[in-house]
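Have a look below at one chain only, the form predicted alone, in structure tokens format.
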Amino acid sequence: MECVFGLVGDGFVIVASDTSAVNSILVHKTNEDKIMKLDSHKFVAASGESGDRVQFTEYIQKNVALYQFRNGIPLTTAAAANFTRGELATALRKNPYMVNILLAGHDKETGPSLYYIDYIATLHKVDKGAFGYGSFFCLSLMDRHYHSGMSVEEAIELVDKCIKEIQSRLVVAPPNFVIKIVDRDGAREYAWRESVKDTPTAQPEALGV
């Protein structure tokens, strides 16, 4: 029951994701960060099969870093999105990655941008987007409340509305979410919304074994 969503505001992009790692009926952990930093001003939020999600986002991250190392300049957000889309399209005809991506970034020349890339390599530049079962609730809320030029406070209020709606309406709702922001000052973590915390596994000696 993954939920990834994001929106573009006035000079920034905010992306939020659930933090549950699940397999079938099992929850393995509730603090899995699904938003990966690509460089100082870009990150990707991904949903999909756990193995594909981790492997593909790491592959994109290392290739973006390699380009900057070889050429001395970073990829723009649009270039990173098109590269990601090209890799998904190539894999689609060989061994497809079951992964959906929201790629967010901020460039000096063009400002903030958000790209929607699905598992069949569809690429769109959007002002707001969402993947997963939570998208049924997020997209309707964003259609109602989103407007261009939102402040950070307004965007966070809308993100919190989406999280609250997911947790109250989705039958198997993820308990925790992470929120990240990218603007001219860089990509960084903004906040966690936690209703369940992972408890550490008891060591054998603590159990008297």
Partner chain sequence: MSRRYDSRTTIFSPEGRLYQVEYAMEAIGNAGSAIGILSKDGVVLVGEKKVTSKLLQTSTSTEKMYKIDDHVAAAVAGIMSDANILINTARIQAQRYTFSYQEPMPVEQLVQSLCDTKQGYTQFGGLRPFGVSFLFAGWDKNYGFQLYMSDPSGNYAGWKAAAIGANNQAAQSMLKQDYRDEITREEAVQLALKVLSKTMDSTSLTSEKLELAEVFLSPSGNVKYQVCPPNALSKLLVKFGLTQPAAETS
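Positions refer to the first chain, counted from 1. Quick caveat, the model's predicted, so the values are computed rather than measured.
Heads up, the form predicted together with the partner chain isn't pictured, but that's what we're talking about next.
J.: Please tell me which of Tyr116, Tyr119, Phe83, Tyr133 lies within 4.5 Å of the partner chain in the predicted bound form, judged by heavy atoms.
T.: Selected residue: Phe83.
J.: Quick check on this chain: which one of Leu92, Met98, Ala79, Val126 has a heavy atom within 4.5 Å of the partner chain in the predicted bound form?
T.: In short, Ala79.
J.: Taking the partner chain as it sits in the predicted bound form, is Tyr146 near enough to touch it, meaning that at least one heavy atom pair lies within 4.5 angstroms?
T.: Outside the cut-off, so no.
J.: Could you confirm whether Leu139 comes within 4.5 Å of the partner chain in the predicted bound form, counting heavy atoms only?
T.: No, Leu139 stays farther than 4.5 Å from the partner chain in the predicted bound form.
J.: Work out which of the listed stretches, 43-51, 26-34, 66-74, 161-169, brings a heavy atom within 4.5 angstroms of the partner chain in the predicted bound form.
T.: Heavy atoms within 4.5 Å of the partner chain in the predicted bound form occur in 66-74.
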